[in-house]
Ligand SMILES: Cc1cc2nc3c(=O)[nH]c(=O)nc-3n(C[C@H](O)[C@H](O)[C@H](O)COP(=O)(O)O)c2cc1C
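This document opens with one chain alone, in structure tokens, the form predicted alone.
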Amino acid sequence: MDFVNAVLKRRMIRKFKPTPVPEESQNRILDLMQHYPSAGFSQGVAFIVVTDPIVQKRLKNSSRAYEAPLMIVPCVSEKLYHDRYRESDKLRPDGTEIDWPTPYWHFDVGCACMIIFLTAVNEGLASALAGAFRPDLLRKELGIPPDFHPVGIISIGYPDLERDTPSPSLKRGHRPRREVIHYNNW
């Protein structure tokens, strides 16, 4: 599939067929998701791949995850970014760490998730993100180290369009281009 079609076809699907995700598709998703941008090449994003139906059921029961044959839990460590920016090649001239007016660890994990979403579409699959509204439960359930924060659960599989109901929010449509794109100044 070409890139434009992958972007235009991507949407959150909440109902999936029980058909397993082929191993080659799963491997492409796992290989490509590591190519997310990373501030200072800090590489502070980690992923938990959940294929065990028992673990998936526990995740579904303890969160708002969507039932699917493949689940990926993206996690991010702010600590790894601070550690990286305390190394000699990243320190300011006065020997201190940079200020972080924007927490780039959030940007990086978001980019990693988008790569997962687009790769899923490219593989003929669909995906949905359920937020980690109880990160403490996810951390406990999956043994996530304290310096990593789970941001959600990405469910991946073949879409069951007969059972899926698009979000009513989509009726709002995209904001007009003139409201979101500004040239040279606001």
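For every residue, the number given is its place in the sequence shown, counted from 1. This structure is a prediction, so every number in the text was calculated from the model and none was measured.
A second form of this protein, the form predicted in complex with this ligand, is not displayed here; the remarks below concern that form.
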{"query": "Residue (of Val55, Val121, Ala130, Val49) lying close to this ligand in the predicted bound form, criterion heavy atoms within 4.5 Å", "finding": "Ala130"}
{"query": "Proximity of Tyr66 to this ligand in the predicted bound form, heavy atoms at 4.5 Å", "finding": "yes"}
{"query": "This ligand contact at Ser169 in the predicted bound form, heavy atom, 4.5 Å", "finding": "yes"}
{"query": "Interface membership of Lys17, this ligand in the predicted bound form, 4.5 Å heavy atom rule", "finding": "no"}
{"query": "Segment assignment from 130 to 138, 154 to 162, 55 to 63, 32 to 40: heavy atom within 4.5 Å of this ligand in the predicted bound form", "finding": "130 to 138"}
{"query": "Contact set, 25 to 47 vs this ligand in the predicted bound form - heavy atom within 4.5 angstroms", "finding": "none"}
